[in-house]
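Let's start with one chain on its own, the form predicted alone, as structure tokens.
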Amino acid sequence: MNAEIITIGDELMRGEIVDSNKARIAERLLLLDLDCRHQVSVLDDPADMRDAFLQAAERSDFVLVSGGLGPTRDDLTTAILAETFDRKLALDEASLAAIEAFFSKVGREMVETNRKQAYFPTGAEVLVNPIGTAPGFSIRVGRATFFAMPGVPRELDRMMDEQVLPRVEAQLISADGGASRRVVRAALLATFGMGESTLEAELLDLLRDGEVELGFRTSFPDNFLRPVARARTAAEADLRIAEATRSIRERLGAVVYGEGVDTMESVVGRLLTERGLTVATAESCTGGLIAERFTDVPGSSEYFLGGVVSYSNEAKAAMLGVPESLIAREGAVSEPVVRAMAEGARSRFGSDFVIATSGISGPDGGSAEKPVGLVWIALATRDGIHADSFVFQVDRSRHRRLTAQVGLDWIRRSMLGAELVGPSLLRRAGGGSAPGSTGAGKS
């Protein structure tokens, strides 16, 4: 049996928002070992929607539709599905009462247009939406079961998990008594510093038995590994994915920094909390980006003491105590200056760690001696200061993001007792998404 995803909305087709709902739905279907054979997006146009529904009914067993269940004139999914498959629309009193109760709870008056959200094609099964005003529904058309869901991601996620997936699983089991079904387990490992092709070369011999598939995905500046295991029983699938994850971690070491929803900043924050350590920042080219990432994590006040954005030379001298003569002699983007920035911040904040950055993010400002892309990073600890330089030949935005990621990674590696290295130094062979670097490392 196979599945198809249809997302609806002018805003998707115009590129006004990123269509993340396809990924959210497909990821959940994978857990049922259900192939997603088609993914379609259409405008809020009756003719286009009708064509998509008719094609899906012919070729797919499950059709998961996202969007178009709202109260406005361009929310057409319910009406067009009903019209396409010769169904009338009927009011569901329980849904209307739930929508009225929702508005009452938030202290708002329900307008008349919201009533349309309580109408469904005849024969539909209503899917409850406890966190929004748009209930979903399912209808059976020949071989296909359509599931219409809201486009709001958090509402979609909950409806998929609580309403849709149990129904899909029940149909899969009833089709053959579950004889042909397999249990699927998957993991997501976040890595930093090693290119995609190098990762594949490093792991090629680990997953050759066919029991586990390994996928690769790049989201700058990281690469993600997704092992997927299938088995007849949950226990067997769990064992396979656990063994695969363990083997990957053993092979890659500190290159793997997190799993699942982990971000670099959340991992670093967790390690700091566990060890009772603190951190501060002294940023020039990153302009407070590292501090922002620290404070994005709930509870970061336990370990993040503060930061200084010393973008100008005057600020470096006044706020961090960097000697003006040192800046004049060495230049702001230099090892002595970034070391002085780290030392100045540590003396002011008294933190266990300070990460300092100074670089040329471009697109202008470089020279033959100090090209665009050059950055100096320093990590100050109670044991001393480690500094290194890199030339990241990427655009300004990615230069700042990559510099921030290296800084966060150094703090993580320091706590783990791992070598403090940069992206290019981790790549032993092949290319990848992480850009190269030049310049001598010093400590």
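What we label the rigid core is the largest C-alpha set whose atoms superpose within 1.5 Å from one form to the other. We number the residues from 1 along the sequence you see. Note that the coordinates shown come from a computational prediction; the quantities given were computed from them, not determined experimentally.
The form predicted together with a further copy of the same chain exists for this protein as well; it is not shown, and the discussion that follows is about that form.
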For this session: Heavy atom within 4.5 Å of a further copy of the same chain in the predicted bound form: which of 224, 311, 220, 102 fits that? Just give me the one.
Result: 311
Exercise. Among 295, 278, 171, 197, which has any heavy atom within 4.5 Å of a further copy of the same chain in the predicted bound form?
Worked result: 295
For this session: Identify whether a further copy of the same chain in the predicted bound form is within 4.5 Å of every residue in the set 17, 318 and 349, based on non-hydrogen atoms.
Result: yes
Exercise. Does residue 12 reach a further copy of the same chain in the predicted bound form if we count a contact as any heavy atom within 4.5 Å?
Worked result: yes
For this session: Although a further copy of the same chain is absent from this view, report whether residue 43 comes within 4.5 Å of it in the predicted bound form, heavy atoms only.
Result: yes
Problem set entry | a further copy of the same chain contact at residue 38 in the predicted bound form, heavy atom, 4.5 Å | yes
Problem set entry | Contact test in the predicted bound form: residue 27 vs a further copy of the same chain, heavy atoms, 4.5 Å | yes
Exercise. Out of the stretches listed (65 to 73, 414 to 422, 45 to 53, 377 to 385), which one is close to a further copy of the same chain in the predicted bound form, meaning heavy atoms within 4.5 Å?
Worked result: 45 to 53
Seminar exercise, completed: When a further copy of the same chain is considered in the predicted bound form, the residues of 270 to 307 having a heavy atom within 4.5 Å of it are 286, 287, 288, 289, 291, 292, 295, 296, 297, 298, 300, 301, 304, 305, 306, 307
Exercise. When the two forms are laid on each other by their rigid core, does residue 418 show a Cα shift of 2 Å or more between this form and the one not shown?
Worked result: no
